[in-house]
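Before any questions on binding or motion, here is one chain by itself as structure tokens, the form predicted on its own.
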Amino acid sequence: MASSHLPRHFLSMTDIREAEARAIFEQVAHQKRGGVQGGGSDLPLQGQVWALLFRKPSTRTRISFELAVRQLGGSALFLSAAELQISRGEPMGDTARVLGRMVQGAIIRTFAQEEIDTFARSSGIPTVNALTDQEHPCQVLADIFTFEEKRGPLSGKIVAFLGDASCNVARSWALAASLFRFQLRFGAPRAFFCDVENPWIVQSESADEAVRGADLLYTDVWISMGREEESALREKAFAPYQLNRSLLRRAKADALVLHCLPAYRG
């Protein structure tokens, strides 16, 4: 796709401004009221093909992105990394240059943030982060939209994140805190504190302190993909941070509870 403009990427929460995020929220709300999903004519991806390049398995992320591309008028091309030459050692930059000549955009779910950064630089097409070990920005934007749809603006509210504050979702929440100006409280073992620091973040080893008076309670799996060998250590470390009825009573009476899923029940 020849263009005189540099492609716009969404690789990190730092790639977007609050005004842009709110414009996205307005468009999503419009579509939910009967725009694209209701058979509307707003099809900005008409005639385009977008590649979904996934190194990590997925249910919700894959389905939501495939449907989104189609509902916006485009075609979705799912590419499992295991079936491409990158599984045999082809550099991501080479794969990116090939795809950049054939498709109009890419949605990537992979391990290293450096890999998606390389793809964006090399491909010349808009690239979206559908999850890396470093960040999960689309997940957190969707979560913020969900909260605001139910409870109004998140600005000035308290979000409590329990468990692994060093994971990708927690890191994107930390970056979002300064963007949307809400207080983010992490309740986590010190060894798993978030590496993002800003004035909107409070980190504590006390789950009780984190959830007290919170408007939104958030948690994630204790054992992220690629961390399976740490299962025993993590189950022991995070046991005091299980989001249960006792902790829920310490939050506001109308607090929402969100989990990015999948959840391992029991």
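Quantities reported herein were computed from a predicted structural model and do not represent experimental measurements. One rule holds for the numbers: they count along the sequence shown, beginning at 1.
Not pictured, yet referred to below: the form predicted together with a small molecule.
Student: Which one, Ser204, Gln27, Ser58, Gln48, lies within 4.5 Å of the small molecule in the model of the complex by heavy atoms?
Tutor: Comparing distances to the small molecule in the model of the complex, the residue within 4.5 Å is Ser58.
Student: Could you tell me which one of Gln134, Thr110, Gln139, Ser123 places a heavy atom within 4.5 Å of the small molecule in the model of the complex?
Tutor: None of the other options qualify; the answer is Gln139.
Student: Though only this chain appears here, would Leu261 touch the small molecule in the model of the complex if you measure heavy atom gaps against 4.5 Å?
Tutor: Looking in the model of the complex, residue contacts with the small molecule include Leu261, since a heavy atom lies within 4.5 Å.
Student: Where, among 209-217, 236-244, 196-204, 59-67, do residues come within 4.5 Å of the small molecule in the model of the complex by heavy atom distance?
Tutor: So the stretch in question is 59-67.
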